[in-house]
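Just one chain is shown here, as structure tokens, and it is the form predicted on its own.
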């Protein structure tokens, strides 16, 4: 294995890890703060890809404006879904079962809406201007757009850490994750907090979809594949753990990148193999915040 091959696969793995993290971080944020399992989170990723395609088409390859508008629009859709539908089942008996059924129904609804609006043909997005080539370091070439995605992911990690640990909004969100009733007694508008968290989480998923669109085709049903990988990431890191999602995304991204290079026929197996190994030795996840009592 020469250095050029190693670094190429490493950057490819980090790119995939960043996209997975943006989706999984939103998924784990929703679960961590609201204890809501959003099975439809991958559909917001797909919706972001289509919004990105639409905005780029309208504004003539203005990628950055399209990316911002995509995140805002998908976040607003997520807020409507939480406020109008999910909020009605909070606190009910068998709430988890209702969550799975309701969010799964949104997978079908969003998929059909996408087909109705944009059709079933595959779409593609060009890479933004200035990031269509590659940077060279000696004999090694690094795709510029991949490096951009990695940089955006690092920015999101730092920004999320700062918001969650250094701001009042972040402290309220973490407190709501521990005890929503006490937070409500202290005068915090818990329903509004939940809606905002859901909007931020779905905006991250939509952003990931728009960022991934120039690397992959935009097609209906794209959310199913990404939600499976994202769930693996969340399970690896520990349900509701933001930093665990980051580490799990890097682990799965690199494992997939090198598995595709060496054993392409078995590449998809390795993500599940890593998850099984972790679940055997640490079933609560690598960075779980709560311990699970062993029977």
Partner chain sequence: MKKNVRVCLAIALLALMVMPMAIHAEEKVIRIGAMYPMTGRPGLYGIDSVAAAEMAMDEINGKGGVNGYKIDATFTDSKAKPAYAVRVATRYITEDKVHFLFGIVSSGVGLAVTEVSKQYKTIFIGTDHASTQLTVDKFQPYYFRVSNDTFSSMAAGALYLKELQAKKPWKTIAYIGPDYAYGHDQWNELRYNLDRFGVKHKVVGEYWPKLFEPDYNSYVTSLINDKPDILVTGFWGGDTVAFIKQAQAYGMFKKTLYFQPDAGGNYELMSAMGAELPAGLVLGARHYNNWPDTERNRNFVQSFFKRTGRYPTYAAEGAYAGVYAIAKAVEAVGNPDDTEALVKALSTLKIQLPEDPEGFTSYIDPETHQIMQMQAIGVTMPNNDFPPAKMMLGDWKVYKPEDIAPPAEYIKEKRK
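Basically, rigid core = biggest C-alpha set you can superpose within 1.5 Å across the two forms. Positions refer to the first chain, counted from 1. This is a predicted model, so every value here is computed, not measured.
Just so it is clear, the following notes concern the form predicted together with the partner chain, a form of the same protein that is not shown.
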* Asked: Out of the stretches listed (64-72, 237-245, 222-230, 25-33), which one is close to the partner chain in the predicted bound form, meaning heavy atoms within 4.5 Å?
  -> 222-230
* Does the partner chain come within 4.5 Å of a heavy atom in each of 76, 129 and 199 in the predicted bound form? -> no
* State yes or no: in the predicted bound form, is some non-hydrogen atom of residue 264 no more than 4.5 angstroms from a non-hydrogen atom of the partner chain? => yes
* Asked: Taking heavy atoms and a 4.5 Å cut-off, does residue 161 contact the partner chain in the predicted bound form?
  -> no
* To do: Answer for residue 81 alone: is it within 4.5 Å of the partner chain in the predicted bound form, judged on heavy atom distances?
  => no
* **Touches the partner chain in the predicted bound form: residue 215 (any heavy atom, 4.5 Å)** => yes
* **Members of 124-155 lying within 4.5 angstroms of the partner chain, judged by heavy atom, in the predicted bound form** => 124, 125, 126, 127, 134, 139, 141, 143, 146
* Any chance the CA of residue 137 moves 2 angstroms or more between this form and the one not shown, core superposed? -> yes
* Asked: When you overlay the rigid core, is the Cα of residue 267 off by 2 Å or more between this form and the one not shown?
  -> yes
